[in-house]
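A lone chain, given as structure tokens: the form predicted on its own.
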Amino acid sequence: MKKFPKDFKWGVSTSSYQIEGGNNNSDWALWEEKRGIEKAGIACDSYRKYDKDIEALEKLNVNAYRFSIEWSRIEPKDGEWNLEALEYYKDLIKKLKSKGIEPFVTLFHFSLPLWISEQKGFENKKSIQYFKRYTEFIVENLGADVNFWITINEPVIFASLGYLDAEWPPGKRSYRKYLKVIKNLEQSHIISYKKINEVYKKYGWSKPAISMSFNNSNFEAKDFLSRIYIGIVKYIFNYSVINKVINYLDFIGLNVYFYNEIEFAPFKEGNLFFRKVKHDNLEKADVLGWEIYPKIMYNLVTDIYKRYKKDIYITENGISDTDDSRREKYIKDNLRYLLKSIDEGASVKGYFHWTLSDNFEWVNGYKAKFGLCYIDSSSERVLKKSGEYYAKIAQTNSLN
């Protein structure tokens, strides 16, 4: 039995739009309508039934919970604050604290208020000041009970899927606009980092820990030319944003999912020069088809810690697994490699599994099942076998 470090944070991660339900004021609700894709609808109904989520967290024995604030609920119109929504988050946080569960609060997890999206979202430089104002309002009202903040989730994923691949709102293809969005996200984080610390100092609260969550991919090269290509890709997708904001990160939030081996294959399978290698010997996540290669946990954690020497929290890691037949092994294998990186000196302070209950998975709707729980007809969160396994790990702070 291998023990994790003392005071290790065991948690699960969620995102407000994916679980709360009943939200038509977001750019995602408009996107669902526009594209004719499956709608979030009631989702997990967590906005009304968050007590059920807290009960599930207790069953999982976790001591931390990462969730996000839904900007489109809090500020439905420019400068107008929804106090009912604020009370929901206040009550959620107080109840978590009463159960000994540390809230890790994300301010932005992909969905924008309609009034901001109508102004071109993070393409617009005004978004920086809008985000600062929103941050100040949230921190002024919730900060007394929050020690950990994540300003922005996966900035590169958000910008690339919305402005390069056109799969997410606003559905554009422009590298110039992608770069503009990335720059504005970086500045939004920096200005919000300063504002959070300013508010805490004003009230005499203990200094919080603030970061972003980064979705880094494991890139490997099959040949010499691919190594050159991957060097560029790694910089763009794994390091460029961290490099710009490193002095404004108290820790690094790392979301671990993707393995990519690249080979030089000019004009094959519709690719210009390079293509992703397909592996017949690697297991794949069902529905989504992501390749399962647990060693990426070790590779990414070791790489990021050596490069930046900052504490790391794994803020997301999970698998789409409809029948829950592979999630237990996935968790065990990933945690085994996480322990290896810790044993070799990486300062890892916590692990958050994605996600609590099966929920709305953006363009994939409800077909991708990531939850440690399923939701039954009476809205109970029922632990799956993998959830029971994770609960034992969290309870013992160890891996068998």
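Just so you know, these numbers come straight off a predicted model, no measurement behind them. So that there is no doubt, residue numbering starts at 1 and follows the sequence shown.
Not pictured, yet referred to below: the form predicted in complex with beta-D-glucopyranose.
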Next on the checklist: Which is the contacting stretch out of 151-159, 222-230, 133-141, 77-85, given heavy atoms within 4.5 Å of beta-D-glucopyranose in the predicted bound form?
Outcome noted: 151-159
Checklist entry - Can Trp28 be called a contact residue for beta-D-glucopyranose in the predicted bound form at 4.5 Å between heavy atoms? => result no
Checklist entry - Hey, in the predicted bound form, does Glu316 get a heavy atom within 4.5 angstroms of beta-D-glucopyranose? => result yes
Item to check | Contact test in the predicted bound form: Asn218 vs beta-D-glucopyranose, heavy atoms, 4.5 Å | outcome: no
Next on the checklist: Since only the chain is shown here, I'm wondering whether Glu32 would be in contact with beta-D-glucopyranose in the predicted bound form (any heavy atom pair within 4.5 Å).
Outcome noted: no
Item to check | Candidate site Phe8, Glu58 and Thr396: all three near beta-D-glucopyranose in the predicted bound form by heavy atom within 4.5 Å | outcome: no
Checklist entry - Between the options Arg327, His189, His109, Arg73, which residue brings a heavy atom to within 4.5 Å of beta-D-glucopyranose in the predicted bound form? => result His109
Checklist outcome for this item: Checked Asn124, Asn197, Asn299, Asn255 for heavy atoms within 4.5 Å of beta-D-glucopyranose in the predicted bound form; positive is Asn255
Next on the checklist: Only counting heavy atoms and a 4.5 Å limit, does any residue of 18-54 reach beta-D-glucopyranose in the predicted bound form, and if so which ones?
Outcome noted: Gln18
